[in-house]
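Take a look at this one chain, the form predicted on its own, written out in structure tokens.
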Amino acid sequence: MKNEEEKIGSFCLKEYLQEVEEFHGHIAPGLVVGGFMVEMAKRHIPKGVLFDAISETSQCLPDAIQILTPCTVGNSWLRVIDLGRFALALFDKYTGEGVRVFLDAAKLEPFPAIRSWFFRTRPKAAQDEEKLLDEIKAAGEEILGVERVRIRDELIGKQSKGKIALCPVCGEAYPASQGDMCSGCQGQAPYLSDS
């Protein structure tokens, strides 16, 4: 098993697990793997480069990115493009040059608990959580792959909302690019009507 004093960001492993539990609600295996992924990616970004992030899944990995980098959904430095792949990219926010780190399925054979968790071959309730976390700690970056990437131009830089309009139906402000009324009044709101 890896030394409990191993660093993930500014945290020792034990502190990182506490941070994960506070931020995410429980110690999720995806956030533990995600911690190793973020740190690997950060080492491949030149010092002093301002970077943005992409998470290729909406589950767990965005939280690891938000805990360990200045990239958040709220400041728009983190984009979640849910491709269903357990991968992330950190890239220069001006050039789009960066690195992509992914959980490499080809490297999971020596880690049966991680493999079972990742491929969901055993129900969550039947998994040995302690064994899984021990394997993740022992594996560290051994189960990860890394590659250089260049981000598509339309994903580089801050995405502007453009002009703002008032919706004639609900009276709230919205990006005028949505059309004659806000998306919510066009039927895309997640709420049921009380009427």
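Residue numbers run from 1 along the displayed sequence. Computed from a prediction, not measured in an experiment: that's the story for all the values here.
Just so it is clear, the following notes concern the form predicted in complex with a further copy of the same chain, a form of the same protein that is not shown.
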query	finding
Close approach of residue 136 to a further copy of the same chain in the predicted bound form, 4.5 Å, heavy atom	no
Contact flag, residue 118 vs a further copy of the same chain in the predicted bound form, heavy atom cut 4.5 Å	yes
Partner contact for residue 172 in the predicted bound form: a further copy of the same chain, 4.5 angstroms, heavy atom	yes
Contact test in the predicted bound form: residue 142 vs a further copy of the same chain, heavy atoms, 4.5 Å	no
Heavy atom within 4.5 Å of a further copy of the same chain in the predicted bound form - qualifying residues of 100-119	100, 102, 105, 118, 119
